[in-house]
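Quick heads-up: it's one chain on its own, the form predicted on its own, in structure tokens.
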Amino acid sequence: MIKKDRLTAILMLMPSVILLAIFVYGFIGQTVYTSLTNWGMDPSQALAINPKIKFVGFAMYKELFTGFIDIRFRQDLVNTFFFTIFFIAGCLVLGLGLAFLLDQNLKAEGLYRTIFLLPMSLSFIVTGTIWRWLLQPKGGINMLPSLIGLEPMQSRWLTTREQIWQFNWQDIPQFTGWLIVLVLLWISFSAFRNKNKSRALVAFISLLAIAAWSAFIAPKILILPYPETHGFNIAFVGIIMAAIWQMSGYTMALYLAGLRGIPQALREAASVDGANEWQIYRHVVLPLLKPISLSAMIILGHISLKIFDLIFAMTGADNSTTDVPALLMYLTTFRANQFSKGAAIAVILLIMVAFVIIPYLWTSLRSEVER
């Protein structure tokens, strides 16, 4: 009977497994292979019926990170980094604040909850169109001061080319090293706190090795033959505002569900022990919301890394100051017909998303097995 049930389960799952293998992993494999060729680099062969494709290994990846003409891709990575940081932070802070507000048993709570969740029901295309109208140089938000008799603002929300927090691309190896040091420091501290001395020792030794590499070896690595500055484009402020407006309702819903799931007895016990309202939130409520914060960060990080439609709707495809890798992949592949380079950008995006998703899935699955 058990074998029959197992065979039935296999037969039921087989069509889905086959389709998944072909249309997901098969196409991923094809994209990876294309990124290792020179398809499209010769315009006469790009759209030929039988193009002459040559295997070139990781040449496209090297060109993207060190080539003279691919400075736009490197700025796109910087744009994505800053967008991700501010987008996640804004959604978490605003969502948590709205959840705390709704948790105070307000009148018409259902109405407020609906209003806060409404932007989430819109597509990024609709959100981008709305905020593009709001951020017009001669209208929208810029005209608000005129309602009280003041001069209109002159902010070029989406078209300014001003940059702040500039750095040299040559410093990327050193920055990466110090970022790894911070991660290893957190792992070492967590392992030591959990009394896992062997893991803490390995993390600490690795930390010292990476720190030495970052301090003495990384500064001597020249990935470009010339200085190349990048920074945070101010034009992204309007896009970040629009993205936070749409997705903060999502984090609000997660946090509100978490707040409603905290037993009232815990708050009352903390109050009996002398904790005030702020201390209850800091030492009882917020620690219990950490799993929700992690889940929200993973989902929001996944969205931000492959953002495309919001930026396309707000600034179009040709505004390089608000470009991101997903948009550049579209332009490189379907406008320039440089299929191998577009595939390389797609693979880099896949790796970035995998770095966010896989550790979370691995931790979640391990915790479920341990239970």
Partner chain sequence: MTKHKLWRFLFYFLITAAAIVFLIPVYLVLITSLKDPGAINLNSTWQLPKVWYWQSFAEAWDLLAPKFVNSLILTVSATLLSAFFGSMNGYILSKWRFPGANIIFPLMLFGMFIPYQSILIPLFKFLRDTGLYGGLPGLILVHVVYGLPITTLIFRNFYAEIPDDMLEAAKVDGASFFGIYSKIIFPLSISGFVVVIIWQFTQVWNEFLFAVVLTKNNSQPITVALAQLAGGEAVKWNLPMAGAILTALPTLLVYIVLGRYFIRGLLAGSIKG
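Residue numbers count along the first chain shown, from 1. Values in this document were obtained by computation on a predicted structure and should not be read as measured data.
Note that the form predicted together with the partner chain isn't included here; everything after this is about it.
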Exactly one listed stretch (112-120, 202-210, 186-194, 78-86) reaches within 4.5 angstroms of the partner chain in the predicted complex by non-hydrogen atoms, and it is 112-120
Heavy atom within 4.5 Å of the partner chain in the predicted complex, from candidates I217, L286, L144, L182, belongs to L144
Picking from A269, I221, I125, L224, the single residue whose non-hydrogen atoms come within 4.5 angstroms of the partner chain in the predicted complex is I125
**Prompt:** the partner chain in the predicted complex: within 4.5 Å of a heavy atom of each of I164, I240 and I262?
**Reply:** no
Are any of the heavy atoms in F175 no more than 4.5 Å from a heavy atom of the partner chain in the predicted complex? no
*asked:* Even though the partner isn't displayed, in the predicted complex is L106 close enough to the partner chain, meaning a heavy atom within 4.5 Å?
replied: yes
### Residue contact check: F334 to the partner chain in the predicted complex, 4.5 Å heavy atom
yes
Since only the chain is shown here, I'm wondering whether K54 would be in contact with the partner chain in the predicted complex (any heavy atom pair within 4.5 Å). no
Within 263-292, the residues having any heavy atom within 4.5 Å of the partner chain in the predicted complex are none
